[in-house]
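Quick heads-up: it's one chain on its own, the form predicted on its own, in structure tokens.
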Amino acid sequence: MLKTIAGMKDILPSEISQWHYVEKICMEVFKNFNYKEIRTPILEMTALFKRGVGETTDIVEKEMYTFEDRDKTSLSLRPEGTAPVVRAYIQNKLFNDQPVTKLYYMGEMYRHERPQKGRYRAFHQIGAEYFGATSPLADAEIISLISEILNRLDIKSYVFYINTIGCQECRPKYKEALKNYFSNHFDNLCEHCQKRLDTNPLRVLDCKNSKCKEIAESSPIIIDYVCDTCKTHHEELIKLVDFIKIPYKIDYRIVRGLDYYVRTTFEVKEEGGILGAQNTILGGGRYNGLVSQLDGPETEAIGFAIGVERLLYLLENISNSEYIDYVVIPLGKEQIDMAFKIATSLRIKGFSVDIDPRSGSLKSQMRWANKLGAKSVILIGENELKNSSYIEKNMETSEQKVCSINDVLN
């Protein structure tokens, strides 16, 4: 029997209402904050991710689904959403339309990594990118937007972890301090971190190895090295976040390993124990150098991405049921034509309607209507057809009334 690929799963009709609920809430919040949707292809040139994500990152080195097209061009399924959105922003010259551009996306991403709770090889992200704003107000707006999404989804046990990672002017001093510190613990670092020490010591702070994490706890912190401009940006952001009373902690260990990331970085973690040790819901940050790195104009930007599958683990109280307005039941073959006409008329008027094509017993059809979650059932028997009427039964109260067929058709 043919099955799904390991780490990829079907989203079944019994599950889809939760997805619709999350997407609906996110779209409403994005509209409130004046973000416009953008949809990019799931397939891009591999070069986009090598330049936009980084050739030495685990994503590009180990996790991407990459293959050659018939013309020998190297293509990859997108492993994340930011690089494609930036590519579209540049290619379509969206920077000419408005001084600032606010975009959001929803879609499937692909990474060949070890599947685990809430994490798959084919997974979904909802994210946003804010281009053209230098002010910490943009950073605060992104944080406020995320908080509003989580609040409307009734997720209470979340905390923002916020840091500043400086800029290209002040970060080299911090990298040098990290390199000196970790060099004194070189023999106790994992093999990957020993290699990272020369290329990018910031990534050692990201390591999940328990020994490396223990060593990193006493490493120098970035706030002691950032320039006055970056420090002011960070302080103004924290002031704005304080003002709107969003739960946060300062965490100077949150970094980004790529040079185009600057200043604000953040993660949101679920602290109610639902997700266990892997409790990060989303991450984001400011990436002022990425647009120019991908051949666009110098543009300040900040964004974030939510892993939808992990988010759904926090929504266990959301019903999986979807309801319909009417089920139309013909009580005999002679009533099928009229039942179909009524169902069609109601559908045209905007109601959700189904009709049982099996002509089974009334008991079985009522059981089916109940399973569908119908609010009401329309019954058409021999007498009703003769009198141009139907019986409408409210499935919640069991109340019945006789209605004219002409009323619903007109």
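Because the structure is a prediction, the values reported are computed rather than measured. In case it trips you up, residue 1 is the first one in the sequence shown, and so on.
Just so it is clear, the following notes concern the form predicted together with ligand ATP, a form of the same protein that is not shown.
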| query | finding |
| --- | --- |
| Every residue of R119, F123 and A305 near ligand ATP in the model of the complex, heavy atom within 4.5 Å | yes |
| Option from 288-296, 105-113, 174-182, 147-155 whose residues, in the model of the complex, bring a heavy atom within 4.5 Å of ligand ATP | 105-113 |
| Ligand ATP contact at K93 in the model of the complex, heavy atom, 4.5 Å | no |
| Contact test in the model of the complex: K208 vs ligand ATP, heavy atoms, 4.5 Å | yes |
| P201, heavy atom within 4.5 angstroms of ligand ATP in the model of the complex | no |
| 4.5 angstroms heavy atom contact with ligand ATP in the model of the complex for R310 | yes |
| Partner-contacting position among R196, R87, R256, R78 - heavy atom within 4.5 Å of ligand ATP in the model of the complex | R256 |
| Contact residue in the model of the complex, from L237, L331, L282, I143 (heavy atom within 4.5 Å of ligand ATP) | L282 |
